[in-house]
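Next come structure tokens for two forms of one protein chain, structure 1 first, structure 2 second.
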Structure 1
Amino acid sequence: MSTDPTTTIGIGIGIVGLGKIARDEHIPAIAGEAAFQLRALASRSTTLPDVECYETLEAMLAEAADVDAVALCTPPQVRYALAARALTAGKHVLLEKPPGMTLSEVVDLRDMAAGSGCSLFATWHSRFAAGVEPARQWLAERRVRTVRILWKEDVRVWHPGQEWIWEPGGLGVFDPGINALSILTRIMPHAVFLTEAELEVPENRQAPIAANLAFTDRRGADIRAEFDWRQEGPQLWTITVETEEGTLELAEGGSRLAIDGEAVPLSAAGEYPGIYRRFADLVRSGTSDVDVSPQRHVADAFMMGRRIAVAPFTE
């Protein structure tokens, strides 16, 4: 019988950073996944009852011997150094999206994980929305003609007071937009590549508040995406795919699926429970899952996008 503690008493996990995403998604998902036990938290300003709390990851790694893995829920600007420390200490690492500030950082972490024997998981939570895998399967044998993505939300509602998202590496409107790109790169039968980009950047910010993108694939599909953080009223997270054999629509971020106007029954399982089930499989098999394709498209947009100055943004 195996004596590996991750198979006999659960995978001990520590969370680094206790912001909104950790509280709303990671902690409930860990609590509902029998494979994991939340054993530690690293945060300079927040604590949790009944959980060992440390001010830094370094203190957690030094003192919490029962932590096998860490989930990094910090802004991406600081994630590389934290992940490198955890991997060096022999811990499995889960990265919130986007996995790092640059592609080079993420690739280096992937190589570091391969050399350490630890698992590294670059998560894309929208890929775990209930409609995404059924959509991928339906599109697999069909020729895509057009894709239309509308990803429009109110930044004041979803990111109030979060200044880091407007700084270099914070991505601006691509912070939610990368969710759409993670779905697109999962469901399309062939790889896509950017052909045009227009980025609207507030005069007082470093990152865009809106973006219009055009992509294609090897078969010449017409793919267009509109991202906007100025949306008031109903929030829009939809992807519509027209094929030669019908039309598919993912709505509400991928949680709803319709084909030719008919709703497809879906599982009620949430995104983050799916993430932690996948992470448990990776840890137990000693493998990693590091797909940088959504972030690569964002990098392409910043590299080739035409920038348009727009009105200053204030909270």
Structure 2
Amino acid sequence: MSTDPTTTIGIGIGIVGLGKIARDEHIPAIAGEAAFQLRALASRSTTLPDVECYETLEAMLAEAADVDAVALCTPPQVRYALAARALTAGKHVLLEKPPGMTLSEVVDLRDMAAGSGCSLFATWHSRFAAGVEPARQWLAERRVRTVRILWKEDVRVWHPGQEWIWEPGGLGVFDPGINALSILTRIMPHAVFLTEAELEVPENRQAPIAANLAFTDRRGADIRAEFDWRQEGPQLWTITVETEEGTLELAEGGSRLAIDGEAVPLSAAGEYPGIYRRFADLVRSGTSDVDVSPQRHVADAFMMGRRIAVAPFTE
């Protein structure tokens, strides 16, 4: 661990990969969080003003002595190798979602971090939506009867031209669906597990365009999720939880919360400022936060789900 939080004014951070998510979310969130100072960028194609720029993570690690942590904003295919290298170099590591291509490589990184003294943070941005923490607290004391998840969006609007999402490892409709699962696994008072899964796979693709899932928990809750990428008109990202003492609804991806039909006032802060506040806490306390359960449910669905061939998808 290269940070001594008692003597360092800010945690020096480097970004690896400068795509849309880094520009739109990570850079503004780092700028808004006093604990961090953006000191370096690794990108083969782009530079940033007022920041040391390197072509590769290796060059950054070799030359930027004031970088204590790295945020990996690259596609998941290369995340393991980069994270392993950064941890080995004694850096704290933040991973975009999903944290890896496989569960096993994420588990290996978690073990590597545990032995290193560095913090590893596998982020699930939807868990930082404003309604999620109040929902978790409200549910903690209640008995859940049913959960209904509707995660229905138009892939042509949200992923235009992204061929990789249809390839093996791209996860298809589970790419957005894993956000719903990251909320579900955070707010439920008991762990859930899949009991049935149907995956609708276009004849000309590898990955599902829709999925129908059933889960339960050790108390027998009836939990169903519908993921669909063919949604036209209103887009739906809602989770409705019926308990013995009332009904909770998270809407708009967790950014709105209502209890028994009454809107709950929420902070207007975005998801990524919450992520960086949490990352600062992890670095200061020398701990990691690596919860693979959202991705484990996806893997379970691929392993035990029934595949149904549906109409070919073309853009």
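Rigid core here is just the name for the largest C-alpha set that superposes within 1.5 Å across the two forms. FYI, numbering is relative to structure 1, first residue = 1. The shown structure was predicted, so the numbers you read here are calculated from the model rather than taken from an experiment.
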Check against labels, form predicted on its own ends up as structure 1
With both forms fitted on the core, check whether the Cα of residue 242 differs by 2 Å or more between structure 1 and structure 2. no
Superposing on the rigid core, I want to see if residue 166 changes position between structure 1 and structure 2 - specifically a Cα shift of 2 Å or more. yes
Core-aligned CA displacement of residue 88 at least 2 Å between structure 1 and structure 2: no
Relative to the superposed core, what is the Cα shift for residue 202 between structure 1 and structure 2, in Å? 2.5
